[in-house]
Structure formats: structure tokens, C-alpha cells
Ligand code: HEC
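Given next, in C-alpha cells, is a single chain: the form predicted on its own.
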Amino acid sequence: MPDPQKQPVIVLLTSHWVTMAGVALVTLAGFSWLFALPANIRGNVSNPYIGLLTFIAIPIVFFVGLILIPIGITLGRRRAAEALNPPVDRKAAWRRAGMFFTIMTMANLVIGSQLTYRAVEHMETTQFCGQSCHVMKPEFTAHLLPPHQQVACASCHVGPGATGWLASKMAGTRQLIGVVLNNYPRPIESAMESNRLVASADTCEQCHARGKVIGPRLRMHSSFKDDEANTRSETVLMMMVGGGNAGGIHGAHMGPGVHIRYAASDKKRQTIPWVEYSNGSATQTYLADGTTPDAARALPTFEMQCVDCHNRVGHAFESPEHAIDRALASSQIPVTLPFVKKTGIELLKASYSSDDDAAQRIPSGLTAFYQQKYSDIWAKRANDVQLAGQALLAIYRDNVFPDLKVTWTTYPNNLGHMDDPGCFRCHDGGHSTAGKKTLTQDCSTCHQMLAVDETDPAILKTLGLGDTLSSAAKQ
């Protein structure tokens, strides 16, 4: 009688379905891993979540298969031992093995080249990052707006090389565990706040050259008063962007030889008590009023980079005032509805328990206002009021997410100084050297004020824009 313990390997591998299932899983995982691996070893990984497939899902399948193989072999030997004079049919075993591996090879080629590739390709998309993970809904919603809506998340959130690749895998795994255990922070911390920020030299500056000289840029902001007429006014600025050796905003902060370090006393880096400026030939240190050198030395320090000012460039959230101004300027909300800005801001700033609660109360609140205060307007323009209510709701949904604890002030924007401290974190007139030299707060350093809250700016007539704005205001 043949010894079941000494049967040929090929017989053992084909004698029980559990063994063959284990071999199938091992080969499937091996082929899939070979197809997915190239997406992880290129210079700049397109998406950190590719690692969830390559280094978590596929290995799990692989090791499950490895576990099944010895279990199946044991079961096969037991079956052979229990049988009477078990025959050892090597030809049949080789025939089963040949058919099995032929089928598995064809299946692996199809799965590896199509399903694995499609899975990796999908995980490189912005939709996967935002829509597959509810916790990233605020960031995904904000990313749909210009100017970077066509830029993949990984282009800014994953660094190049092996270090960036490894960090992205660890981050993806950590995020997945947080979602599964439901212990992720609410709201989600910004990369700057969590100190997981990828250097802008590895992200922003792959597209935007630091030394590029940008000429003066004209910027116009339309705002509306909260009076009955929603009176429109214009602020027109000539921004001195500069760059390189041309000075301006970029040149002063990121020009050749310029290095700026700062210390922050809060995680969001909104309070900066210490600044060190070096231009290659001299170094100056500025302390905020009331800050001692010893206190400053105890704080974490950072090298200034693009994202210290452009911190919301990919995920910008608006203030209620600016959002309604934009909607009024673009005629999404009719400017001829009396007190629509004032009422709209009150509705947007109210507290709502959920998105559904806001969806019911914001439009109905605007409707109730006109029904009670302006019944004649409601009788003639009910459709305009309802459209305005939906526009207000859209503004709310783009900026506030109650279940994730994201409100109007959750994510400060450091570009400018209108809604958040921004530039004034350092340029507040209170940072000075030991010799009493202060960081400038002269407005003309960064921009020329061509018009400030003027209802009919002469500069716009000179530029030929006066009539265009007047026509838009009448719509």
C-alpha cells in the first residue's frame, strides 16, 4: 500500500479542492501584485491609496491561499489514508494540474491586465479620494472649484521618490484604519495643521516656477451692502506679484537668496510670534510685541514656502459675505430682491443640526421673509425668491458640513487679510527687531489701491468696464 505521507507533490496539490483553491489564490495574488507593482515604483506615485490594494488587499489574499494549501494537503492525505489501497495515478494528477494551471493562467492574465489595472487607475482619480471616503467630502467639494480642479489629489499630497511613496502608503493605511474604527478627527485637520504637509518644492513648484517674474495683476472685487437696495461697490487693486529679482510679493518672500523661517504658537499657524529673514548677506530677527527670545525658542519653527500663504489653493472655502457677493455679482441671486444679502447672511450663519435641516430651513426661511415683509415682491417674483433660496443652499453645502464639524471658520485662508489674519500674521506692525525695525505694513508694498468700495469707480470707466458692470447690475 502506498504511503499517503510519501505521495508525489503533484498528487498532493491536486488531490483536494481546498489545496487547489489555495494555489489559485496564491497565483491570483502573485499575478495581480506584479501588475500593480509598477504603479508603486515610479518616481511620483499618482495616488497614496494604490498601496491599499498592492500592500494590504493583495497580500491578504496571498497569505489566505498559503494557509489553505497545507490544510488541503492534510485533508488529502487523510482521505488517502482512509481509502483502501489508494492508487497513485500520476498521469491523472499531471492532467489535472495542467488543466488547472492553464485555466488559472488565462484567468490571471484577464484579471491582472484588466481588473487590477482598472482598480489602480480608479484609485488614482480624484473621485476615488473624495467620493469613496465620506470624511473627505469637504475637501472634495472645495476641489471642484477653480483653479486646480483638474489636478489629481496625489499631485499635491504625495511626494516624489521612495520616501514620498512610503509616506503615502503609511498615510493611506492610517486613514483607512481611522475610517474603519470611526475614530478619525472631526473636522479633518489640514496637512499644515497635522504637520504632514508635503513640501511645495516637491508639489507646487513642479508646475509653478519660483523664479518666474509675474507683472502687476489687476484685481477687482465686487461687494454689496446689507441695505435694502443691496448697493454694489467695487474695490480695484493692482497687485504687485513680482517674483525672482523683480521684487514684489513673490520676490520679497521667495526671491533668490531669500530664506524666511518663522515660529508658530498654534497648530494652524495663525499666531506667529517670531520671524527670521535672510537674504544671503544679512539676517534679521523679528519678535512680536510681548514675545521674549526664550519663549520664541521653545516654539516649533518652519521654513516659509508657497503654501504658507497659498494654504487653501486646492480646497478654498468662502466666507458667507464673499460667497453671497459672488452669487450677486454673477446674477445667481437677483440683486433687485430687497435685503437679500442681509437676510441671506443671517440664514447662512444660523445653526443647523444636519444638511437636511439646512436644506429645509434655508429656502423656507427666505420665502417666509418675503411673504411676511414684502408680500408684493413675493406675489410677483416668487420664482426669483425660490431660485435665490436654492442658491443660498448651494453656498451652504459648498462650505458647511455639520456631521464633520466643518463650519465657516474651520479652515482659515492665509491669502490676503480680509476674512482671516493672513498677511497680518507677520505684517501687523507689531513684529520688530532689537533695533526697532518693524515688518512693513505699508499697503503699497503689495498693491496699489485704485478704488476702495466705490459705487462708480473712475478707473473702471478708464478701463472701459463701467458700462459692462452697470449692465450686469441691472439684471
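Keep in mind that this is a model prediction, so the values were computed, not measured. Throughout, we count residues from 1 along the sequence that is shown.
Keep in mind that the form predicted together with the ligand is not shown, yet the notes after this line are about it.
- Residue 407 falls outside the set of residues with a heavy atom inside 4.5 Å of the ligand in the predicted complex.
- At a distance threshold of 4.5 angstroms between non-hydrogen atoms, residue 147 is in contact with the ligand in the predicted complex.
- Among residues of the shown chain, residue 440 is one whose heavy atoms approach the ligand to within 4.5 Å in the predicted complex.
- Contact annotation for residue 250: at least one heavy atom lies within 4.5 Å of the ligand in the predicted complex.
- Only one of 343, 126, 265, 399 comes within 4.5 Å of the ligand in the predicted complex through a heavy atom, and that residue is 126.
- With the partner omitted from this view, the residue of 243, 365, 159, 314 that lies near the ligand in the predicted complex is 314 [heavy atom within 4.5 Å].
- Using a 4.5 Å heavy atom cutoff, 139, 203 and 449 all lie near the ligand in the predicted complex.
- Per the 4.5 Å heavy atom criterion, the ligand in the predicted complex is contacted by stretch 271 to 279, the sole one of 333 to 341, 271 to 279, 288 to 296, 225 to 233.
- Of all the residues from 420 to 440, those having a non-hydrogen atom no more than 4.5 Å from the ligand in the predicted complex are 422, 423, 424, 425, 426, 427, 437, 439, 440.
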